[in-house]
Every structure is written in C-alpha cells, then in structure tokens.
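There is one chain below, alone, in structure tokens, taken in the form predicted on its own.
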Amino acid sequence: MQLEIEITPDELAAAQERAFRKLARNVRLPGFRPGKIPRRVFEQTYGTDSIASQAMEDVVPEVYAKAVREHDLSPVDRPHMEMLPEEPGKPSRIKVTVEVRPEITLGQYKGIAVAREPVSVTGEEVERSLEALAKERATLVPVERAAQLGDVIRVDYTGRIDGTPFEGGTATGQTIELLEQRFIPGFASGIAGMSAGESKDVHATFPSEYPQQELAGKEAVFSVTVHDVKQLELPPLDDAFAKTVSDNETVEALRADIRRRLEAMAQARARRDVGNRVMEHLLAAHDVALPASMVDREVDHMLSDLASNAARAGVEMAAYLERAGKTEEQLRAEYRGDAQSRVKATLLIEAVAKAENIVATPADIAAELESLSEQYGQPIDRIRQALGNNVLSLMDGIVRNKTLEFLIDSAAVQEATATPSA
C-alpha cells in the first residue's frame, strides 16, 4: 500500500522547536548556560540545516503513526519512506510504501460440518501401557542363550555401503534393546539368534524415506560382534506393583486409571483432529492476498527450526544441506507452500478473533504465566522478566488458542458410533 502524508506547517514548526531544544542541550557557547541558548543565536552560529534534519527525523514517525491510526491500517513490515519534492505554497509530503494485513471478508466459520472418528480404548492398549510401566522397573538378567527380539545386548558394529563405512554407522560396546522398530529393517532381526562372543555380517536396508538422503533406499552390511545378552525380567503385575507405581491400591484400580488417562488422551487427539479439519475447510473456502514479507518471515522461521533440530543432532546446517544435496534457496522454494498455508491460517484466525472479539484477558495471561512457572520450576516474576517484550507474543498465542477452541466448539461435529471398549 502507498500513502502520501502531508506534514502541516504546525506539525513541522513544533518538530523544529523540539529539535532545537534537543540540539541546544549539547551545545556550549560563552555567555549562555547549557540549554539556555536562544534559537536565533543557535541558528546564527550553527545554521538551520541541523534543526531541519533533526525535525524531519522526529516528525516523520509521528505523522506516519497518525496516518496508520486514521486509516486503521495494520502494517506487517517496516515502511519505506521518501520525501517528495517541495511544491511552492504546499506543505511537505512523504511517500510511504508498506505492506499491510489484507482485509478479509469471512465466509462461514461457525457450524462447519466435520466428521470425528470414533474414540475408543481397547483392553490391549491398556495392557500395553501397563506393561510399559512394568518395563520401566524391569531388571536385566544375563542369559546363556542366543539373543532374541526384546533382549538387551552389548555389541560392536561397523556399517558399510558398497564396502565404504558411513557416518553414524559405527559403535563400540553399545547397549541396545533388540527391537525391530527401533532400527532400520533387517538390523535387529539379523542380530537375533547370535550368542555372546559371536560375530557375523548383518544385511539391512535403509527406508526410501530415510531423512539422510545419501542413505535412503540403500542396503548396508553391518559387521556385528555380540558381547553379552540379557533379558528383561518384569515385576509381577499385582497389587504391590500398583502401589509402587501409582496411588492405586490394586492392579485393577491401576488398570481403570490407565484407561481413563488413555481415553482423555484419545479425546484430546480427536479434538485436535476436529480443529485441523475446521482449519482445512477455512483455508479452502477463503482467498487471501498474502503479504510477501509475512511469507518470507515464515520461511525464515522454518529454516531456523530446521537448523536448530540439525544442531541438536550434532549436524551443522551446511553439512545438512550437503547431505541432502540441496541449496538453501531450494529449501526455501520447497517450504514456501507450507509457509503460505501457515500465514493464511494465521490471518484467518486473526480475522475470526476480531469478528468474535476474542482477546487475552488478564486472567488468561495470569493462567499462562502460572502454567509456564510450573513447567519450568521458576517463580512467576522470573518468568515475566524472562519474557520481556515477548509478552505480546504470549498474548497472541493465547488469542490463537482461544480462537481455535471457539472454532472447534462451534463446529457441527458429526459423531461416529464408537466401538465398545474391550
């Protein structure tokens, strides 16, 4: 958007007077106390250019902010400003070019029909969770037999592709739980059947969608040596176990408690799924002119997240790009579509929040600070201090979440009949 903003003579005069006073504070002239130099004397000594320059620096942001308020604009980027040529008898003018949030005419956003999958928890899921609790308190017992899936073993291995070792494919004295789902296909099952002291080559194939592109879809040969084999010995699932791992007195009460927690988690997942489907509907039903600067910033955030994730894995961004065989510009092009969807979703949620007057109340902010305090184990005052200027982002997040909850609550959810829990 482009604006031409006039600077009235009164605005310019007031700005020049403020500029003079600001400049005069730092000037020393014989016979005058600091800050008490008359303007006429100042101008005779230093000229008027410095006053005019300082005045323009002060007045331009003021008249720009005033124009933004008068036109009810919502800029999304820093403005580009330029002074227009002076015309005799006319006030000074500045030309402002700035991207603003687009005006959105909302279509239907309440009562959107979405389907929700049945929510159920099976007895098998309850037992798996119970066994996971038991596994956390299991003991490792050495066994004099060949390794089986589910055992814990200590191994050395060196992986090669076409005879050449690859990064991350070597370990010495590593303790691993022999589960097929934790490794690339063929690795765990290839080791199963080996005994302590035995060595052999194990063939395994990286999935085609493996994150490291240079390994994806390739077959590797691992030279494996097993040092020892242990099995997990689980505690009995009885009332004593229930008292150890929970506040329940019996294992049956523990099972019921696990079922309730699993059902709550399933309900939360189903609710999130409804929210996703509502947003998909909104995105498909609205055309929005997306500000390029917002899309560019979102791409920057996505790349920053990628770099952070790579760093946590011990990989620098340059090395990641080299492994992926891509340039940063290629990644930016790939991310642009998702970035556009995210920006569009943000703008639509903001429009709904404005239409429904959804705001972050003092109680909302206090509750969020309390939650952060509990999460990080820090006093609320320290959390507030750490947030600093990011409190505005905190408030934006609160409004976003409240708006999503509003959209979910107002959706026309078509419930399917759930299968009775086993």
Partner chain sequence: MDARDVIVSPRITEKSMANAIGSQYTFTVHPDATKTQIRHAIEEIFKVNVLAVNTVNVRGKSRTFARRGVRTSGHQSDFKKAIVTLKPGQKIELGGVNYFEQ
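The term rigid core refers to the most C-alpha atoms you can superpose between the two forms while keeping them within 1.5 Å. Residue numbers count along the first chain shown, from 1. All figures in this text were calculated on a predicted structure; none of them were measured in a lab.
Although it is not shown, the form predicted together with the partner chain is what the next lines describe.
Participant: Would you mind picking the one in Asn357, Gln385, Ser393, Gln44 that has a heavy atom within 4.5 Å of the partner chain in the predicted bound form?
Facilitator: Contact with the partner chain in the predicted bound form is made by Gln44 alone.
Participant: If we take heavy atoms and a 4.5 Å cut-off, which stretch out of 48-56, 25-33, 372-380, 357-365 is in contact with the partner chain in the predicted bound form?
Facilitator: Contact-bearing stretch, as computed: 25-33.
Participant: Indicate whether the partner chain has at least one heavy atom within 4.5 Å of a heavy atom of Pro61 in the predicted bound form.
Facilitator: The answer is no: Pro61 has no heavy atom within 4.5 Å of the partner chain.
Participant: Just checking whether Arg40 would be counted as a contact of the partner chain in the predicted bound form - the rule being heavy atoms within 4.5 angstroms.
Facilitator: Arg40 belongs to the contact set for the partner chain.
Participant: After core superposition, I'd like to know whether Phe20 moves between this form and the one not shown (criterion: C-alpha shift of 2 angstroms or more).
Facilitator: Phe20 C-alpha, core-superposed: shift of 2 Å or more.
Participant: Superposing on the rigid core, does the Cα of Met395 end up 2 Å or more away between this form and the one not shown?
Facilitator: Not so; Met395 is displaced by less than 2 Å.
Participant: Taking the rigid core as the superposition reference, indicate whether the CA of Gly31 shifts 2 angstroms or more between this form and the one not shown.
Facilitator: Result for Gly31: yes, a 2 Å-plus shift.
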